[in-house]
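As structure tokens, one chain now follows by itself in the form predicted alone.
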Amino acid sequence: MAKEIGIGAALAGITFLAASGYDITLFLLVAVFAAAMWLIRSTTPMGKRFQIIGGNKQDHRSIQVSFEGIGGQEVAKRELLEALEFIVDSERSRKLGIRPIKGILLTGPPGTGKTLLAKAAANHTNSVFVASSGSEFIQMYAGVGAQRVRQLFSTARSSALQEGRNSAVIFIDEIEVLGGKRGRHSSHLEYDQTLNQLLVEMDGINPYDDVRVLVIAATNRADLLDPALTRPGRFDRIVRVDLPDRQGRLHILKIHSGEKPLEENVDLDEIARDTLGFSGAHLENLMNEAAILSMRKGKATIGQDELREAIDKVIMGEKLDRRPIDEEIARIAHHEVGHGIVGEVLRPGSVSTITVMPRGQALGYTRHSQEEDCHLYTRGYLEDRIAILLAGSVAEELAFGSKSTGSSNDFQQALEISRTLINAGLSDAGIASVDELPKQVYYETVSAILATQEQRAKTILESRLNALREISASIIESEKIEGEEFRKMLGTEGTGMKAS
């Protein structure tokens, strides 16, 4: 209120002077300058405090994250623990002549635990943890971002001294916003000034200071970073935080199920196998959704059915209230069962769930599991995938005499796999690049791949038309069928998955 009264009084005074014939040019300049300074202060977060967390486990603000509580990242944890030794055992590292690491860059997909690893590092070293985000440093006014970088390092050191600690961990999330390649922004140099200040601060880190500072940054796009950031002496170590493998997923599931009442017959290994591509955040959400489903059903425990349904929900979204018309449901059922039959023939034991319940953008869904996580794929494996993708539209054509738009996503995935085959030199075009092949050759190669696999899927389904019709009729009634029941109806129960 006082500020508004002061502004009003100033405007009234200037108006009175103007009406009295005085030259108010100087007053106007002062007013404009004051307004500009007020605007800068009101729109910049200079007064905003960084997130500061103490390292003492007895502190109510302490970090409750430890390396033991982070699953699925054993390699990343080992690299981090090794890098933290200069703080934990500084005397020994000094005797060996080791130059302490100033910065650690965590890279990897979202949800893999980069922030948790940074907090665990601070907890492990009993350091003050000061967190910020790259977007907080970029402002429209020159010099503000650089000032906030200086403030960040100053806050870390002063907070450590106040709490009687000799080390601090500075965590910068979304470092690609702050540390992007210089010269990309021609309108102004605020981005470059901010990055330059970060480089200066990291160069100024001295391992013999009263407070030893370690900078940990996280990014999903390491390719966008300026090379000056990742050179030795700044971010000395780059730690890849990947999506967890099957054993890692099982470890994460056990961690997040520790305080949840699971039924005795729950098989977390099956859930780990069916969640290929899930991050730690996805798996935590899966366990939470399973608990919500159990509560919705009025159950006191979480069973395997809730966990399986939670997988579908995390992947596809919530069930939709709208129900397709009967003709559409019949087409969807044949489409999904077509995927399932060809998938089961080519990859025995791979079908996990088939459903015609609409979820998210999907009207139906066939979920395939994989026995082991693979990093290399053969031509045969990729061709199998294409045949499975095209089987849905083939099943529709066999049952109804025509295809539908429901196969468009399948076609796009099949095209991408065909492109992979060509780029990897696994197609009939030989070793060649998609970008360098003549368009006609590329078109003919892709068409041949798709036509061959479509005919392959058609041959499989034509020999099992009765099974296609019977299983489709059953799933229309039940809306969902699990893998074991599907294999019994198909007559392939007891079969296992082939190696990739």
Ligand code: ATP
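Given the structure is predicted, the values throughout are model-derived calculations rather than measurements. Numbers follow the displayed sequence, beginning with 1.
Although it is not shown, the form predicted together with this ligand is what the next lines describe.
**Student:** With the partner absent here, would Ile329, Leu363 and Ser472 each sit within 4.5 Å of this ligand in the model of the complex, counting heavy atoms only?
**Tutor:** Result no, not one residue of the spot touches this ligand.
**Student:** Could you tell me which of 346 to 354, 280 to 288, 78 to 86, 405 to 413 sits within 4.5 Å of this ligand in the model of the complex, going by non-hydrogen atoms?
**Tutor:** The contacting stretch is 280 to 288.
**Student:** Given that this ligand is left out here, which of Gly113, Gly179, Gly103, Gly145 has a heavy atom within 4.5 Å of it in the model of the complex?
**Tutor:** None of the others qualify; the residue that does is Gly113.
**Student:** Does Pro261 reach this ligand in the model of the complex, with heavy atoms at most 4.5 Å apart?
**Tutor:** Flag for Pro261 set to no.
**Student:** According to a 4.5 angstroms non-hydrogen atom cut-off, is Asn206 in contact with this ligand in the model of the complex?
**Tutor:** Judged by the heavy-atom cut-off of 4.5 Å, Asn206 is well away from this ligand in the model of the complex.
**Student:** Is Pro109 close enough to this ligand in the model of the complex to count, meaning some heavy atom within 4.5 Å?
**Tutor:** Contact check for Pro109: yes, within 4.5 Å of this ligand in the model of the complex.
**Student:** Can you tell me whether Leu437 touches this ligand? I mean in the model of the complex, with a 4.5 angstroms heavy atom cut-off.
**Tutor:** Although this ligand is absent here, Leu437 would stay clear of it in the model of the complex, with no heavy atoms inside 4.5 Å.
**Student:** Hey, which residues along 67 to 97 are within 4.5 angstroms of this ligand in the model of the complex, non-hydrogen atoms only?
**Tutor:** Contacts from 67 to 97: Gly69, Ile70, Gly71, Gln73.
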